[in-house]
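The form predicted alone is given below as one chain in structure tokens.
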């Protein structure tokens, strides 16, 4: 598990269940009564406008929808991505254990969790092993 270059995110009442699941290595996303799924940070369904959202567990796999490599002075390049989860929602997260030069959109990834110093576990993505 690696928390390299990750910054802590603050918990609040609305995100408590998400952080509790992350501590157990589970990724939660939102689902409305109509069955539409959305990213964890949403408070209203982007498709039907429902404000009644429940947490559901995501598979923790997806593909790179987009990515960027931040080149920093006196530090290793920092790859960041928008991951399209297998359930459909997109999530922004850091990429780790990857050669930035080898990245391509639609690369399969899986979500893992690490706790940055002073913070709780948060998700990051790594290349998904073949097979």
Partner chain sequence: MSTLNAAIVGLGMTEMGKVYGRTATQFAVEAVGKAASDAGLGVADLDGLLVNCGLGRQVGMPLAADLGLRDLSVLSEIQSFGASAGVMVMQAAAAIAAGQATAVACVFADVPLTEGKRTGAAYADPKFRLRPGFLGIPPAGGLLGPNVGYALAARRHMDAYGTTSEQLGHVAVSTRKWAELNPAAQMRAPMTIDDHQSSRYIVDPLHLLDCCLVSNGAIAVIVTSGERARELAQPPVYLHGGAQSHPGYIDERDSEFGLVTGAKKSGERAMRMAGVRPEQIGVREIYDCYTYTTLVTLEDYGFCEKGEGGPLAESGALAPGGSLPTNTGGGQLSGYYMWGMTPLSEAVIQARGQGGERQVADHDYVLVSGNGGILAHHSTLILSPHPKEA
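Positions refer to the first chain, counted from 1. None of the values given here were measured: they were computed from a predicted structure.
This protein has a second form, the form predicted in complex with the partner chain, left out of what is shown; the following refers to that one.
Contact of residue 11 with the partner chain in the predicted complex (heavy atom, 4.5 Å): Residue 11 belongs to the contact set for the partner chain.
Touches the partner chain in the predicted complex: residue 6 (any heavy atom, 4.5 Å): Residue-level check for residue 6: yes, a contact with the partner chain.
Contact flag, residue 21 vs the partner chain in the predicted complex, heavy atom cut 4.5 Å: No, no contact at 4.5 Å.
Heavy atom of residue 54 within 4.5 Å of the partner chain in the predicted complex: Output for residue 54 is no: heavy atoms all beyond 4.5 Å of the partner chain.
Interface residues of 106 to 128 toward the partner chain, as seen in the predicted complex [heavy atoms, 4.5 Å]: The stretch touches the partner through 122, 123.
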